[in-house]
Every structure is written in C-alpha cells, then in structure tokens.
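The chain that follows stands alone, in the form predicted on its own, written as structure tokens.
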C-alpha cells in the first residue's frame, strides 16, 4: 500500500531556483553541514571500537526489518503489559485520527511536542489545530520554523537554513504576542534564554505531550528518544497524557541491539560521541510518581511495509542521522525545501517516491543527484543510496514517467556513444555547434533542448583536440615520449 507524504506541488525548477537564489540559506546550510561532517570525521578518529558497534547495529536493523510483523506484535504485548496502550495505523490518515481521538477523549487543549519527522510526515499539527487544539513545538529548531510557518529543511537541524538575525526577528514578534521581553541580542545565548523562558510556561500548562521515537526496544516495550535539548524530558514527564508516534521500522529486538545503535545518530549526524539526552519511556506513571498518567504508542506504517522484501528494504534501516545530507553537494546548494516533501537530501530522493509509489517526488532521482556516491560512503547503516537512485531512474523509464524530450535526448546520446566511431562523430559535431553559445571559453545559455540544462550550469568548451586525436596525429613521431 502506497503511503502519503505532504507535497509542494510547484515544479522542481521553481523550488530549485528558490534555493539557489537564497544566499542566506546557502551560506548557513553550507556552514552547518560542513561543521557536522568535520565533527563526524574527528569523533571517529582513534575510536576503532565504534566500527564494530556500527556493523553490529547495521545487522540489528536488518534483522528487525526482516521480521517486522513479528516484532510489532511482540512490542504491542510488552507495552500493554506495562500499562501502556498501543495502536497500529496503516495510513497517515489513520494515524492522525487515532491521535486526534486520544486528545479529544482526554479534553486536551494544549499540546507540547518534541522533535519528530514522522509527525511532520503525518501533518499532525494541522490535524490537531483543526480540532481546536493549540500545538507548540518545543525543540528549538522546530519552534523556530513553526514561528516562520515553514517545514524542516534538514532532518537533524530543522532551522539550519536560518541565521541568527532571522531567528531574533521571529522571536521579537513572538515576544510581543506573549508579552515577554524580547531577546537582548542575536547571540546564541540570548536566543536560547528567550526560548527557554517562552516555552517553560507552555510545558507547565500542557495537557498532552507528543514525541516521536528514535528506537523502540521490543523486549521491554521501551521507546528511546535521543536529543540535545532537555525539552523531550519535559514533554514526556510533565503533561498528564503522552503519545509516542513511532514508525514501525524503528523497532529493535533487544537492549543489546540498542547499545550498538544508540551512539550512531549523534556520531554520524553532528560529530558527538553521544547525544546530550537519552530519554527512555516504559509505560505510564510508576509507583514513584514520575511520568504521564496515560501513555499511548501509535505505530505507523504509511507505506513502509511495501518496501519489505524488495531491493529497497535496507532503506527501512535509516536512523535519521542526516549524514547523507551533510555530504550531498545538491542539498548544500538548493536546501531541504527544494525537495518538495518532508525528507530531503539523498534519503529523501530515495524514500519519498518509494513510500508514495512515485505520487510524490517522482522527479527527484533524476534531478536531485549527481551520483557522486558521497551519501553511500557516509551512511552508517550501509544503505545503498546511490544504487537505489539509479534503480529508481530505471523504474521511472519503465513506468513512462520521464518526459519524451528527455527520453529522446538521452536515447540519441546513448546511441551516439555506443560505439567509438559514434563518440568521435558526436565530439566533432559538438565542437562545431558550441560556437553558437561559446562565451569566453565557456558554454552558456545553450539554445533548444539544451537550454534547460544550461540554466543552472556553465561548462568548459569541448577541447580543440581530444587525446585520441592527438595520439593519432603524433603516433610514431616520438612526440608522446
């Protein structure tokens, strides 16, 4: 069954150009992703034992995905045995309806949330707001983009495309509405202090908390959250009602499996040995009086089961670390919003069309990847992202999802280069044709079918003489010695 993802229906070239012309976004995103990648490089230096843990984590995820239905049944049983309530949603609509009904039955008016890409996928905030509830994002990055009325641009750092001046401007408006003093400056300390003061009152007044789940340990029914802020602890402990919305692919069988995986998101995503906070939730309020009075876990499919048993099954091993985004040259240039849905970067290029059976993001494998293979090297779960992108391109051709002009162009190109003679003839033709749009040694603003390609590309001219031609001319003369 195909899943549903929210979609920006504007054409790729519009979304792409919005990113390319956003200088602040490109600067902040490039700086942030390079910092994350450098942090990853440094944290792995001299930490040889982590390679064994990473490989064990990969195997743990592969086993869990291969036995998804069995583990889901066992997880429900262990959660219920500890006083929790479980739900399984096949679709995004079912998941939204389940959470809405839980909230309405409890008379919820104010909801506080910790960071969750799955709830973005479900558009859960809109559903609850339409039912008369106020929903507050409490992760700093999510809180920023909620004020900006935007969606996350990076899986790990939702507001990575904003600079401090932009954030301060958003906080000043919010301060006025909340009758609070605005941030004293746009330094990180002042902005964080304002957010802390602003959100504290929301935590104390909230009726319901909503979280995602980085992992769910089947043997004990424990939902594990890893964060770098204390907001998740507030969300999971202060409100009387807690709902964890968890993708079915987040199941791991044992605590030993979790120990291999728990460091991987932080190490690979931002270059820390461990996230600042690890929050473990095992049922409602205990005899010691801590935790929510009522605890629900909503397991969500939304197209995930359709990948089991296919060549794309390893995609379900993704731990949402963002490492593939941090090294992707396309993502750094166009930003997360250009991808048109929740998941951006290489994992979004693969996952978005797969989860929706090409209803959303069908264009991404063809336009949002240079096939540089950096994502495959960066992925800690050994997901074959480059290979999947090439397979998706082939699948698009089989389904006739590519433009006729593109099929014709690539057909002509492949036919010309199928033989050495054809390759040489095409180079001679290109050398003649390039004179029409050659500008100072570079090819710019090509006419006709090539125009779209050159809108965002400048290329060096075809060489006056190729190596093969030079070799043929100088063979036997000693010029190559």
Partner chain sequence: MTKPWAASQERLVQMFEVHWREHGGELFRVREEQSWPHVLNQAWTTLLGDQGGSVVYWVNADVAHLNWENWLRRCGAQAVYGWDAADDMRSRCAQAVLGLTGSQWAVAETGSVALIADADRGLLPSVMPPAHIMLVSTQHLVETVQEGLQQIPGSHGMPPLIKLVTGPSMTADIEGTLVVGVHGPGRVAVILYDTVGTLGADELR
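Numbering follows the first chain given and starts at 1. For the two forms, the rigid core is made up of the largest set of C-alpha atoms that agree within 1.5 Å on superposition. Bear in mind that the values here come from a model prediction, so they are computed numbers and not experimental data.
Only in words, not in the display: the form predicted in complex with its partner chain, which the text now covers.
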| note | Note: its partner chain not shown here; in the predicted bound form, the stretch from 174-182, 350-358, 102-110, 200-208 having heavy atoms within 4.5 Å of it is 200-208
| said: When the contact criterion is heavy atoms within 4.5 Å, does residue 37 count as touching its partner chain in the predicted bound form? | reply: no
| Any non-hydrogen atom of residue 306 within 4.5 angstroms of its partner chain in the predicted bound form | no
| Close approach of residue 301 to its partner chain in the predicted bound form, 4.5 Å, heavy atom | no
| query | Is there any non-hydrogen atom of residue 96 lying within 4.5 Å of its partner chain in the predicted bound form? | reply | no
| task | Scan 380, 212, 141, 386 and let me know which has any heavy atom within 4.5 Å of its partner chain in the predicted bound form. | result | 141
| Of 275, 146, 125, 264, which residue is found within 4.5 angstroms of its partner chain in the predicted bound form when only non-hydrogen atoms are counted? | 275
| Residues from 144-167 in contact with its partner chain (non-hydrogen atom within 4.5 Å) in the predicted bound form | 144, 156, 157, 158, 159, 162, 163, 164, 167
| query | With the core lined up, does the C-alpha of residue 207 move 2 Å or more between this form and the one not shown? | reply | no
| query | C-alpha of residue 186: shift of 2 angstroms or more between this form and the one not shown, rigid core aligned? | reply | yes
